[in-house]
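A single chain comes next, written as structure tokens; it is the form predicted on its own.
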Amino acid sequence: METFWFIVVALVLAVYIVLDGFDFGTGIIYLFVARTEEERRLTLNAIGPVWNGNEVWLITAGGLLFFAFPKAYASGFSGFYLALILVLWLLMLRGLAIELRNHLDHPLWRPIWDVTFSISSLLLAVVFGATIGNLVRGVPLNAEGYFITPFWTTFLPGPEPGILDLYTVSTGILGATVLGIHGAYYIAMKTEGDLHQRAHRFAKVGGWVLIPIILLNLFFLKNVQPILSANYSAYPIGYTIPLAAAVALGLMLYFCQKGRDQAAFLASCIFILAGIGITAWGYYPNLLISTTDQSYNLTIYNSAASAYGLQVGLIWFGIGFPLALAYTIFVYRSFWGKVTPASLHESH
């Protein structure tokens, strides 16, 4: 039962990163590809019907972690308190920027919120990437299963690391790059004309920039957390996940080159899902890895709720998850297709 809930939490988190990831990516490229007021409104309209609903999957992932593995939830949320407060403020600023930019027709009002939207999106992508880096590298758990992590210490991985070090900064850059490209594919798929061309060029160049960043992270990973390779050695079938990620990356580059925007965006989704899968396969059964003593690791077994609670939760999950999934599919189908200048006039 613990393994099932580990898979569920990882899957819901991966779905969130795929869905809200292109919102972050849209914000990252926003100031570069949308140069006129009409183009900026089109870009925001492309994510307008879905961005708020996408965040439901983050709340779902947090709720599932709290329900299934309460000890890991308590340890992680207390240890990453500073980072979580930063995420909360960035999420609020991003939402305010989207909702408030059109409330005043003033030469300073809209640019302020445009910059806020772009910077908050970029920082969110970096923070989420760095968070995954922290989980992979490990945190300084004590015997009670808790830790305190400052923003940085020596800036090097070690027994007492900070949130930011060479490895987690590299995963933050990787996260921002991946999501920036993901957002570019989405905007290219949803728009036409000059805006489409700029987003397409951004995705085309970004795909090749992504490759050395991935290789750099793999180099760091081998030295920072060798424990992740144990499951791949024990269960070689897991190598199909990095293989799927490599194929998806190749398809992203190929479809982008051919101008097949929907196919490129789908390949990007698969690439992100496979990337989370690579980490989850190597990480299992851990939830938090200790940099001080491996015996302090929080796993799905010593952090799980009672067996009865997990069984009861399965019933409610069987009801709630299909409803959330059906609603998401309905919204995306309802607003499928390109946004055009004509749609801007219809929205007024």
Partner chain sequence: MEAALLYDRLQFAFTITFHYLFPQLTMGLALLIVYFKTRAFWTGDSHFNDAARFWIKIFTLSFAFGVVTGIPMEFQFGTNWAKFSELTGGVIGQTLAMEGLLAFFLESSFLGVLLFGEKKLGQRVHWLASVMLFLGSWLSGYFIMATNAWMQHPVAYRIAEDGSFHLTSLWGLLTNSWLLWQYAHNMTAAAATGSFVMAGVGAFYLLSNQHTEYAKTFLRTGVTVAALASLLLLYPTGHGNAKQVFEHQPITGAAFEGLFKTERGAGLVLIGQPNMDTLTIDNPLTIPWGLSLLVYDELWAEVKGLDAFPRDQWPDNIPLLYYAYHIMAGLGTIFLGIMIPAWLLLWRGKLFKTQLVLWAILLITPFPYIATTAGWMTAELGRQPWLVYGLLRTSEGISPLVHSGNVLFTLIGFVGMYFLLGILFLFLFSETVNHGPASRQTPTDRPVEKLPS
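None of these values were measured; they are calculated from a predicted model. Residue numbers count along the first chain shown, from 1.
There is another form of this protein, the form predicted together with its partner chain, and it is not shown here; the text below is about that form.
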| query | finding |
| --- | --- |
| Site check Ile59, Ser306 and Val312: each within 4.5 Å of its partner chain in the predicted bound form by heavy atom | yes |
| Single option in Trp152, Trp109, Tyr254, Tyr232 placed near its partner chain in the predicted bound form, where near means a heavy atom within 4.5 Å | Trp109 |
| Position in contact with its partner chain when the complex is considered in the predicted bound form, options Leu210, Leu91, Val247, Ile227, heavy atoms within 4.5 Å | Leu91 |
| Distance check, Leu96 to its partner chain in the predicted bound form, heavy atom within 4.5 Å | yes |
| In the predicted bound form, Thr299 touching its partner chain (heavy atom, 4.5 Å) | no |
| Gln262 within 4.5 Å of its partner chain in the predicted bound form, heavy atoms | no |
| Leu100 within 4.5 Å of its partner chain in the predicted bound form, heavy atoms | yes |
| Stretch in contact in the predicted bound form with its partner chain, which is absent here, among 25 to 33, 275 to 283, 43 to 51, 288 to 296 (heavy atoms within 4.5 Å) | 43 to 51 |
| Contact set, 71 to 88 vs its partner chain in the predicted bound form - heavy atom within 4.5 angstroms | Lys71, Tyr73, Ala74, Phe77, Ser78, Tyr81, Leu82, Leu84, Ile85, Leu88 |
